[in-house]
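A lone chain, given as structure tokens: the form predicted on its own.
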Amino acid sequence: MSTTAPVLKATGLAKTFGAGESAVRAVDDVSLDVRPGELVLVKGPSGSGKTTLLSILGGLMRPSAGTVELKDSTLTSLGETALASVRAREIGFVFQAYNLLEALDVEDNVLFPARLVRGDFDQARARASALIERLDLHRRRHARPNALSGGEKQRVAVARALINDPPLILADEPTGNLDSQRGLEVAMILHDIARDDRRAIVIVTHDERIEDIADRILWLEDGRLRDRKAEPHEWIKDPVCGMRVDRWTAKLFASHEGKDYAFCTRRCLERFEANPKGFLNAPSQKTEAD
């Protein structure tokens, strides 16, 4: 493991929505470091808290607890004005829906974040031109978003994320709206940006195709984060309905004749407790690790 100081350091993050019995803990005691040149995937089922976590890491949402440090700034301690300035300079965002401005052409979409920070705009134009060339958009420089393919729109979004030369890129399902070929192209662009530019990149995704380009794959479920290689899934079968349950996140267990069983819901648990032998005549549970 590199001894290089992390670009991003999150410690003890939590985010709770609602209160009382209806409270939902979308992020639950998450800690994470991302270093220069590292591409990290955060995966998990829908509703697991991935987008909430990414929003907190990017300073778009305040956590209920914990801290986020980006290089020399503690995002969670900044006021709104200072936080907006750090976001504009230090973080590039790439979204599933592209979020391009339809009234602007490719070049002006790429340049738009540079207008939000102080600096030499002529230098920003030079960076935009270089990014447009690098991402093979030079023939589409003056096209508007409605004339672009999905892959072209996402490449514009990547160029826009890079225009202020940020050390951190956060991408939310960047391949989700793309076909297989264009999705892989965008994934490899992000991989090369991490490797060649030494930027830290965090990608939230369901896309299994891009797992091989990641330095780390983290799994988020029920708001809790783990390294999937260090702590792989251990699937066990609910003896009532046959559904797979991950032992790491399971909350409902019962014992019978010295053996523990996990259940997907309280309904299955109650049915088992009422007649355990009736369900244990089924084939024995199988454990799989991925």
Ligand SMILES: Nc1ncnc2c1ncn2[C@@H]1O[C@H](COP(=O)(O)OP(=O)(O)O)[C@@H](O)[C@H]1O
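One rule holds for the numbers: they count along the sequence shown, beginning at 1. Bear in mind that the values here come from a model prediction, so they are computed numbers and not experimental data.
One more form of this protein, predicted together with the named molecule, exists but is not displayed; see below.
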Practice task
Please run the contact check for Ala26 against the named molecule in the predicted complex: heavy atoms, 4.5 angstroms, yes or no?
Solution key: yes
Exercise for the section: Examine Gly242 and determine whether its closest non-hydrogen atom to the named molecule in the predicted complex is within 4.5 angstroms. Expected result: no
Practice task
Report yes if any heavy atom of Thr67 sits within 4.5 Å of a heavy atom of the named molecule in the predicted complex; otherwise report no.
Solution key: no
Handout entry: 4.5 Å heavy atom contact, Thr265 to the named molecule in the predicted complex
Key = no
Handout entry: Contacts with the named molecule in the predicted complex - residues in 96-117 whose heavy atoms fall within 4.5 Å
Key = none
